[in-house]
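Listed next as structure tokens is one chain, alone, in the form predicted on its own.
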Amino acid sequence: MTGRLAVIGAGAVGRSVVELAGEYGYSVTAVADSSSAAIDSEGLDAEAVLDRKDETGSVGNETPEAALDAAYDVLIEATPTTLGDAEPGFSHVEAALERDRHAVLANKGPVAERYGDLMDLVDASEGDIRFEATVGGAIPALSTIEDVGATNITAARGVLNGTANFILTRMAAEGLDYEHVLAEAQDLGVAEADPTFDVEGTDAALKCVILANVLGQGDREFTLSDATVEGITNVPGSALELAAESGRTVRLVGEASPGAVRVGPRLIPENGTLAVSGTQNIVQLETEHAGQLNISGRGAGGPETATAVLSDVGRLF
């Protein structure tokens, strides 16, 4: 293989993959956004494609569907996460696997909502999939599980949403209420204009569902509907003040343990391992023979998540 990539999705992650691919020794032969595609079997000029996107709103003159038929070795699925049938991301990965090509996902939907269907496609293909970027951005959580062995891990937990963590950290540090800090986070670009996915715990729950599926917890397939989820919208500033009086704080903690996925605000020691601050994430693995493993880092961001995507590409070759 020569390391040719087709990137589906031109948001922050997709753009960063296109920008950084050359540094990792890969060529990008196709890029698609929601309305167009740019294709060149010899390799695209990344700067030119992204400049065109900025100037015109589209990456090229081809249809998005044409990118799926381009000459590539690995499809990068970086479209926005959708729930339920996980479309169109699931179909993009299906198209690659049916062509016996590999796929790397940054999109959580197919892995969290249709894990069994995805594995069936892999079983029938000469291609394979990887999805490190779906859990914790740059944090190598899934590759660590692979190295340790899923059967040697009894549970996984963590702080897995940077927006929620930023809000709780600021509420605790400044004694501010939720609405005030949310507005600040939106002004800083840490929170989306519609922050529902983050602050209601959905994003963290999807990541925990993926962890549960990878670990084979409870010998069943999990989806978001199997998770018990509570967000941070009802956490009052007074709760953080009371917690601080006893040397504790509040974090949105997700857990994948045998038979259950749970996400919700939890009281934790103020100086404990899970008390990461700002937009930092942490994944904590409980192992049979190696004790507790803690992996922390940036859980979101275009370049950060792209590094996880490109590391996965390297594991496929």
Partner chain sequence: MTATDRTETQTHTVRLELVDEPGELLRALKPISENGGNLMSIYHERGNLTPRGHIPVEIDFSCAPHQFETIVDALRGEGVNVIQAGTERYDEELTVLLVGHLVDTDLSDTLQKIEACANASLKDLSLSAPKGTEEASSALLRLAARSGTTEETLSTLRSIADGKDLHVVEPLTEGSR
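What you see is a predicted model; the values in this text were computed from it and never measured. Residue numbers count along the first chain shown, from 1.
FYI, the form predicted together with its partner chain isn't displayed, but the following is about it.
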Taking heavy atoms and a 4.5 Å cut-off, does M119 contact its partner chain in the model of the complex? no
Is Q284 near its partner chain? Define near as a heavy atom within 4.5 Å, in the model of the complex. yes
How about E98 - does it come within 4.5 Å of its partner chain in the model of the complex, if we only consider non-hydrogen atoms? no
Quick one: does P269 come within 4.5 Å of its partner chain in the model of the complex, counting heavy atoms only? yes
Out of 160-168, 82-90, 136-144, 242-250, where are the residues with a heavy atom within 4.5 Å of its partner chain in the model of the complex? 242-250
Under a 4.5 angstroms heavy atom criterion, identify the one residue in D128, D177, E200, E184 near its partner chain in the model of the complex. D177
Of D226, E221, E192, E230, which one comes within 4.5 Å of its partner chain in the model of the complex, counting heavy atoms only? E230
